[in-house]
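Take a look at this single chain in structure tokens; it is the form predicted alone.
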Amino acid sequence: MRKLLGEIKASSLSAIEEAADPGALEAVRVAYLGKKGSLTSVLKQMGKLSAEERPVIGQLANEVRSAIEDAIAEKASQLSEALLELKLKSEKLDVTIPGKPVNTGKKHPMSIVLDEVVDIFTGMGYSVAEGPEVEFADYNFTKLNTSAGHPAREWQDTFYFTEDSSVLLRTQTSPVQIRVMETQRPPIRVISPGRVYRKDEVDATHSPMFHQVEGLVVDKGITMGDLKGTLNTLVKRLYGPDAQTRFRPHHFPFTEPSCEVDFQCFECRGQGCRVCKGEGWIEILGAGMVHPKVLEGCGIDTDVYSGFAFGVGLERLTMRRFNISDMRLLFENDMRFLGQF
């Protein structure tokens, strides 16, 4: 058995030395040290030896195993280094070649303006509230003092989900104001940005889906002067101290008194063009003092509290902010246009 162990050692070391790659080296390991390997077969015959021979042959077998394992480890290291060297030679990298440009994402122009609006109002002590886009007619109309039969509730103006006109895509973010007043007690200062839906024809300043930012303040001693000061602050912070606004009397069911607010057309500077439809001004929002019926419907004492509310079109704020003359550019996903921002 001594002779057999010596032959196994000599042949294994020779096979290891001749192994040309990791696969061949693994085959040598299995052939000699595997479950059916040559050395393993010899070790299984140890039980046939006498008590005197067993420890001597056992020690010799362990020495042979150690020699084989050491030789395999050394050869594996040599092969690994050789493969790495070959890879380095075959995969040359010219570090002087300019790298490929990586396109990075940018904020959409409407997101830029919305962030600015939120920053302006949070700086004035407002919080941000959100509500569902699929809304109940009670919140979208009834609780806003817009009774059944009002033109705004007609099927040709609104996207309804049910035959009884009880569920719809909200036409304004004003329902969020109702939800806030039902769950919070004054003082209240919130803005509620979000998508709204109306059956408008698509043109340079209209879309059936657009965005609003609603504002609501309810507190003691709130007046129309507070509303005008707030909206003028918004416009001047967005467009500069020279921005011009115009307040016109109007009627909204949920505010009394009510007004519409325009800013001077950014395309023609008040001269009249297709963007402003020849008027020189572009309507951006409706506003007014919250109607007492709306406050009382939310459990707010109108003898103690008053408030104002407004809803501004985010698209029109964005168009004025970046002098964009056609709203459709904001939704067409043309990278030549969006890449400018």
Ligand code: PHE
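Computed from a predicted model, the values in this text were never measured in an experiment. The first residue of the shown sequence is 1; numbering continues from there.
Below: the form predicted in complex with this ligand, not depicted.
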Which of 106-114, 173-181, 152-160, 187-195 sits within 4.5 Å of this ligand in the predicted complex, heavy atom basis: 173-181
Val28, Val64, Val294, Ala287 - the one with a heavy atom within 4.5 Å of this ligand in the predicted complex: Ala287
Phe252, Phe266, Tyr126, Tyr139 - the one with a heavy atom within 4.5 Å of this ligand in the predicted complex: Phe252
Any non-hydrogen atom of Gly37 within 4.5 angstroms of this ligand in the predicted complex: no
Touches this ligand in the predicted complex: Phe310 (any heavy atom, 4.5 Å): yes
Contact of Gln212 with this ligand in the predicted complex (heavy atom, 4.5 Å): yes
